[in-house]
Structures are given as C-alpha cells and as structure tokens.
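Shown below, as structure tokens, is a lone chain in the form predicted on its own; questions about how it binds or moves come after it.
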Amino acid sequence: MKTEKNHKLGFTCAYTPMAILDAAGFLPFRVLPVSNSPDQAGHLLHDNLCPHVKRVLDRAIEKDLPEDLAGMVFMNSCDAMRRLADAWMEVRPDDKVILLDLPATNERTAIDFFSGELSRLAETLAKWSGSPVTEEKIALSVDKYNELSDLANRLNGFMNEGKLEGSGSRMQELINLATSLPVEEALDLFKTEIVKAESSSPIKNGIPVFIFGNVMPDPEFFSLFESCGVHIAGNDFCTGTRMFSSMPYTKNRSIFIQLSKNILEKPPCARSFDPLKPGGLAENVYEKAKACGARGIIGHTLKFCDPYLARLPMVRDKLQDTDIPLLLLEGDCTLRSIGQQRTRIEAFVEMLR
C-alpha cells in the first residue's frame, strides 16, 4: 500500500515521536550515519565529538539527503546532538528545524514537561504543513506504529529462533527501511517478511549472543559478527529495536501526556536515568540477554559518547556477578573500525563454546 506524504521530515534519535510526524502529513525519515560522504564535520565541530553526530552532519554538508527533505526534528538528548542542531542550521539555513528538550528521567514533572514539548511539536508541524494536527490524527498514527512495533517484536523472535533469513543483518535492513518508508508500506514489508519466516526451518550456526549499545546502523556490522561465529539472539540499539516501542493509550486522556509517559518510560539508553533504579541500564541488558537465551553479551559503543562512558563501568560491574560474560568494543560508525575488532570477537566466541 502506498501513501502520499507532503515531504520527508528528518530525525536522528530513537526518542523522536514518529507518530506525530506521520499525523502531520510528513514522512518520518531517519538520517542515519551511513554514507560515503567525506569527513568535513570537523570544520564546524570538535574532532573529539560523537561520530554519529559528525557523520550525520557530513551528509548534510555533502547534500547526501533526499531532495524533498522539508526539515529536521532534533531531540536535545545530549550535548553532541544539541551541537548537531546548531551546526545543521549553519549548513542548511533554508531547512525548517525544531529542537525538543528531552528529560533524562521519567518522573511526573518530567512527563508533564515533555508532554508540553510534544504539543509544541504538533503545533509547529501544523504550521509547516498548513493542516491542523489533532489528537485524533495522532491516535490513528499511534495505532499504526503500535502495530509496527508488534510486528518488529515477532521478527526479533524469528531472528532468535534462526528463522529470519539473513538474521541480524536482515533485521537491521528491515528497521532501516521502516524508518524511511511510509508506515503503511513498512507494515506491508514486515508482514511479508513474517510470512516467509513462518515457513522457514531454524538455522543457528553460531553461539547465541546479545548485542547492545548506542548506534549500529549498517547491516554489514551484524554480518561481520555472524562471520565470527555469533548467532545474534537479540540486540538493543538506538538504531535497532529501540526504534519501535508500543505506546498504549486511552481515548479519555490527553494523547500528549500518554505519549510522553510511554516515551520516557521506554527501556532506557545511557542518557536516560531512573533515580529509583540507578543501575537500570545494567539490569535491562542482563534481563534481555537472559530472556533471549544468550550465552554472552557484546557491548558496542561509539567513541566520545559521554553517556555510555559514564554508564559502562556499572554495566561491567553488574555482569561480573552473573553467569554471562561481557565483551566491550568501541567504534566510529564505520565498518573499518568494527572490522579491526574481529580477533577479539572471535576469541570471545571461542571462550563461550
């Protein structure tokens, strides 16, 4: 099914409420840090800054973006992302840009504040599109993205069982497509893939491992892991399964309050923090690894990512007291950087046998 949208609206963070973009008549388009654009971001940003941010900015500088990109929605999720929003307006001054402040906690005051930010987003997009963005329209879009979330969970299950042809690399390819296609087409794509998986025989050629981190958008990353003897039993990345989380709501309450609560209570990445569970990230990683039957855990994070640099020691300490070994890797969003870790990955897999 094809759906006409006015223009693409870019975003860079898994916390972006794609349903509101869709309800406003725009096609949500995740600008991924996957490109052959030359390294030019250093002219505007410090060299020791998040490679995700720099590679996205490289795409903007090189005009490696859709011609019908109407603007960008940025989440103020970390200082590097805030700097990207500033640099984007320098490089592409004609783009419409909005920056939403994203709380780090899910306390009541944070939920109330963020609901106001979501309402501001809807009002801004209504001005950009020339059409009102009502709560009814948003609810209809939420329904579609909730269905997409359910289908993504089913596909993850098939990947774990070894029934998804192409395994982790195919799963990432599907997620990348789903963040650049109209949601109706993404639903059709996922349903077609599920039908194929349902009739497939399980194939597990490696040691089950759970992989987590911030950004791993290139399907080839997962192919490299699998070539080292890894069976990807599950993963948790900002460019992966974290993109799609179910957002239940009821019709007798503000859709903005409910979306705010759902978004802020998602399984956290390192920049989020639950004051009642300071070790929440470590516990979440361990629980997900156990749930998918992983015999090992690999954490892959980007250089200069301050939130993960602050949280990883806690994850390491937590897992030292469990029965699941941990391997930590660092990269820069290029296949070359992860390829240099091949020997370490192979040695880790051999230890798990």
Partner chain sequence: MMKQYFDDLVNGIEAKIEADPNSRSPRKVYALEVAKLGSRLYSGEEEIAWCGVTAPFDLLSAMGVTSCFVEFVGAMLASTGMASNFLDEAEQAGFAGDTCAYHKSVIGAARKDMMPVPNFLIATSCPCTGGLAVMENLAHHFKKDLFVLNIPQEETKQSVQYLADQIKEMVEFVTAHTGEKLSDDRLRSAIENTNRTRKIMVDVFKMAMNVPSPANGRLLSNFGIVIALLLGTEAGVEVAEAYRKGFGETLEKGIAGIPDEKIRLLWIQNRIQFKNPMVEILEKEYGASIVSDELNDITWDPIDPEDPYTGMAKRAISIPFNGKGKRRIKHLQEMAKAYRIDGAINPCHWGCRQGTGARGLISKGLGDIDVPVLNLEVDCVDSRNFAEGQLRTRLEAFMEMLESRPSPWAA
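Nothing here was measured: the structure is a model prediction, and the numbers come from that model. Numbering follows the first chain given and starts at 1.
Just so it is clear, the following notes concern the form predicted in complex with its partner chain, a form of the same protein that is not shown.
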**Item:** Candidate site Ile175, Cys228 and Arg242: all three near its partner chain in the model of the complex by heavy atom within 4.5 Å
**Value:** no
**Request:** Could you confirm whether Ile203 comes within 4.5 Å of its partner chain in the model of the complex, counting heavy atoms only?
**Result:** no
**Prompt:** Just to confirm, Asp321 within 4.5 Å of its partner chain in the model of the complex by heavy atoms?
**Reply:** no
**Asked** Does Pro313 reach its partner chain in the model of the complex, with heavy atoms at most 4.5 Å apart?
**Response** yes
**Asked** Would Leu45 count as a contact of its partner chain in the model of the complex, using a 4.5 angstroms cut-off between non-hydrogen atoms?
**Response** yes
**Message:** To test your reading of this chain, name the stretch in 251 to 259, 136 to 144, 108 to 116, 152 to 160 whose heavy atoms come within 4.5 Å of its partner chain in the model of the complex.
**Reply:** 108 to 116
**Request:** Only one of Glu90, Glu265, Glu220, Glu184 comes within 4.5 Å of its partner chain in the model of the complex by heavy atoms, so just point that one out.
**Result:** Glu90
**Fill in**
its partner chain in the model of the complex has a heavy atom of only one listed residue within 4.5 Å, and of Glu287, Asp317, Asp64, Asp68 that residue is Asp317
